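Next up is one chain by itself, shown in structure tokens, the form predicted on its own.
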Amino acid sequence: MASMALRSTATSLQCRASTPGLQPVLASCPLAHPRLRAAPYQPAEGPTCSSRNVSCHGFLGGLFGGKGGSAPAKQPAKPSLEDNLGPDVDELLLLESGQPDGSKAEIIYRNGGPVAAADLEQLCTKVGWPARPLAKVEAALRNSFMVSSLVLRVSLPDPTAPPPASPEQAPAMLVSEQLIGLARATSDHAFNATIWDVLVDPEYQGQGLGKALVEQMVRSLLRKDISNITLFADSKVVDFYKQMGFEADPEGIKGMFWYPRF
């Protein structure tokens, strides 16, 4: 397991937020309801996703149209998370897909808000992590400086509700939410933060959601003026984090571990 550090400087944090792996999040993410499929992404005139109280200026605005700093003539400019932190919002709409009957599915990045320990452990089981005591998981969530999640929200017409009185009236909907991703951070609330428990439901992996989750959490930490951000990564995901600007063992600094001998 390697220790990874992300330092808030223009040279060490070169995050390629517009890499091809992230575009499918907006174009082909599988959704829980078989009739719901994501519509092709259509860039708007501005970096705003919809009229609802969910902002996409910070994350999606940076991905599609955000401008990075200057670079030498032989090197194309690489967008940096520091260059476009965006506003501090509780939710970001990553994907929205609808049907004529009013059915709708959304994948939402949520910063804060309650996360049930049982839902997190169910997600851990899906990715093959060992089981942990629920009481300790609850304590870890409660004591975290920041908890960010990916939520699949599905809205379907309520078959038991009376039909709308007029075409203008929206039909009654049944709304369900499912936790499909999570990351949390601990911090001294001033200088340092460490990211833990980064995971995405295997059914939704390969869509760029893990990258979106980590990048948005880093932006949230930078907005709080926390510039030394670390995490621990298995060898198979080191390259994943390097693509977002994390460095393995920067300047020879090593992560040290102590385990009880029982």
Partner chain sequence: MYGTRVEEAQGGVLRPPPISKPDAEFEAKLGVQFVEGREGIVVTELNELFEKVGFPRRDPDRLKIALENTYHVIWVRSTRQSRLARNGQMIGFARATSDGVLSATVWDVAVNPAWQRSGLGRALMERLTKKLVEDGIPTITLYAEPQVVGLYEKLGYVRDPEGIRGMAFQRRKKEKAGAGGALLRV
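Numbering follows the first chain given and starts at 1. Quantities reported herein were computed from a predicted structural model and do not represent experimental measurements.
Although it is not shown, the form predicted in complex with the partner chain is what the next lines describe.
Just to be sure I understand the contacts: of N111, Q99, S187, Q178, which is the one whose heavy atoms reach within 4.5 angstroms of the partner chain in the model of the complex? Filtering the options by heavy-atom distance leaves S187.
Option from 101-109, 137-145, 167-175, 152-160 whose residues, in the model of the complex, bring a heavy atom within 4.5 Å of the partner chain: Careful reading of the contacts points to 137-145.
Is L81 close enough to touch the partner chain in the model of the complex, meaning at least one heavy atom pair within 4.5 Å? Output for L81 is yes: heavy atoms within 4.5 Å of the partner chain.
Could you confirm whether A131 comes within 4.5 Å of the partner chain in the model of the complex, counting heavy atoms only? A131 belongs to the contact set for the partner chain.
Consider E203 of the chain shown here, and say whether it contacts the partner chain in the model of the complex, taking contact as heavy atoms within 4.5 Å. Answer no; every heavy atom of E203 is more than 4.5 Å from the partner chain in the model of the complex.
Does the partner chain get within 4.5 angstroms of any non-hydrogen atom of M217 in the model of the complex? M217 lies outside the contact set for the partner chain.
Heavy atom within 4.5 Å of the partner chain in the model of the complex: which residues of 229-249 qualify? Heavy-atom contacts within 4.5 Å come from I229, T230, L231, F232, A233, D234, S235, V238, Y241, K242, M244, G245, F246, E247, A248, D249.
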